[in-house]
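To begin, one chain is listed below as structure tokens, in the form predicted alone.
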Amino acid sequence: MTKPVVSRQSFAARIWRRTLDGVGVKFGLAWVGVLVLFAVIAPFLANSMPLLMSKNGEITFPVLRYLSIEDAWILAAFFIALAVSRLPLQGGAKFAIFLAGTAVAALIANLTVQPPALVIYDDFRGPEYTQVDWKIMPPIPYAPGDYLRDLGSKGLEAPFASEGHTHWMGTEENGADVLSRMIHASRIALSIGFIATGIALAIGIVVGGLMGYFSGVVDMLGMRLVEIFEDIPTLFLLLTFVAFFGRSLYMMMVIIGVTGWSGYARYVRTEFLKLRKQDYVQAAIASGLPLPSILFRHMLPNGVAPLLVAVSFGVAGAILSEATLSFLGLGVVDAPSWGAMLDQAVKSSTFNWWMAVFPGGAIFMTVFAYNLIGEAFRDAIDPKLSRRNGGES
């Protein structure tokens, strides 16, 4: 008789190990990791000013002088995340410390970082920055808002078609380097995906948790609320708000988040309905623990696994919504966006292939990567698929 093998790994560790078994999820995580890296160090990868230079023996860092508040905050948040990940704490405590740290970093950045109000990119190709002892430029020596007026850029030039300067992915209609704008646009794609999904997830967990825990009348009223929000067309609501209140990235995040929580609420409700009669939940109730402790400390960690699948697809959906709005010409104006660049693929009856291939490819790859991650989580959580693939139950 074969003795059953008992795994000593936690449920979360087993799910994570099964998730990483597939090739697709590794590709998806690698692509998202590259985007995160691009978003964090974008000012140092693609910019018109030198990273480091020596003039008359004096060494300076021009790029640091022009860092925006957003640049400083993103860098600080990245290093806070790295530091917090090394702490020997539970996931909830790490997340709370990360949120507090990023809030403090945002406050400090707003108080201390004061970049010049006007940046004239032509100056960085003038004598002050060219007649130097030596200098180190970023790998892509063009800022996303540098329209190369002094270089006589004609706009919408194919890769390597410009004379005297190289653009690996060509230039867009205003003459800016496409590769530089692609790198900086990864910030919008990631931020709207994570923040909008975070808002939807928070609302969905609270509403779904209350419906599943109390059931009865609360569940009935909650389900009617879920059905109402499921009937709201997010894209048309976005178009309406843009028409009345103007273009704002933060407004897009809030609308996508507020209208996208119903699916998460259904997942949490289903899990909590199963868990509410479990012995450990009844023991927590009998012990007189407060409701938030029962819901979020004892029940949520045991019912959060199916949410991981929905979150991956939710991030992809939020990125697609922003790209669609930008493609329609209603996205953010003062920041590069993949959807807005894709809109320039056809201008004056001319097909500009590089404006279709590179931004369209980035949108496709990002959405595809999140779908691969979501499917890997789904396969790892599903016990039937896990046993079929030879995994532990």
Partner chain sequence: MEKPFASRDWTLYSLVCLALVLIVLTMYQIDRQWLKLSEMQAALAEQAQAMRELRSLAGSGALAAQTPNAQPASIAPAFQRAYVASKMPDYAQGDWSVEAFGTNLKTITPLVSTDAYASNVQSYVQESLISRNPDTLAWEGLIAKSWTVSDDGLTISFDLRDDVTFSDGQPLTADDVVFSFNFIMTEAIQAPRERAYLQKIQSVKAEGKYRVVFTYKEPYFEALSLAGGMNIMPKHFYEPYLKEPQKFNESKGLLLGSGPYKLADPKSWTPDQGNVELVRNERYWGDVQPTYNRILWKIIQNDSARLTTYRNGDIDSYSARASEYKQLQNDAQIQAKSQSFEYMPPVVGYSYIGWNQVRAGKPTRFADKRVRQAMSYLTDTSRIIKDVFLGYAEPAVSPFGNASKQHDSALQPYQANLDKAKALLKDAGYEDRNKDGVLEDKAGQPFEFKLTYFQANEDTSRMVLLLKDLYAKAGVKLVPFPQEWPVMLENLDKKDFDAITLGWTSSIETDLFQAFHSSQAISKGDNFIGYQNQELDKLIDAARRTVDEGKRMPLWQQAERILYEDQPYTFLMRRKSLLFVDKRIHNLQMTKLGLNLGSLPLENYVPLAQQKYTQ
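Positions refer to the first chain, counted from 1. Bear in mind that the values here come from a model prediction, so they are computed numbers and not experimental data.
This protein has a second form, the form predicted together with the partner chain, left out of what is shown; the following refers to that one.
Heavy atoms within 4.5 Å of the partner chain in the predicted complex are found in one stretch of 291 to 299, 114 to 122, 90 to 98, 198 to 206, which is 114 to 122.
Using a 4.5 angstroms limit between non-hydrogen atoms, residue 346 touches the partner chain in the predicted complex. For residue 135, no non-hydrogen atom is located within 4.5 Å of the partner chain in the predicted complex, even though that partner is not displayed. Residue contact check for residue 173: one or more of its heavy atoms lie within 4.5 Å of the partner chain in the predicted complex. Proximity of residue 330 to the partner chain in the predicted complex: non-hydrogen atoms within 4.5 Å are present. Residue-level contacts in the predicted complex: of 286, 243, 82, 217, one residue has a heavy atom within 4.5 Å of the partner chain, and it is 243.
Out of the listed residues 147, 129, 213, 73, 147 is the one that sits within 4.5 Å of the partner chain in the predicted complex by at least one heavy atom.
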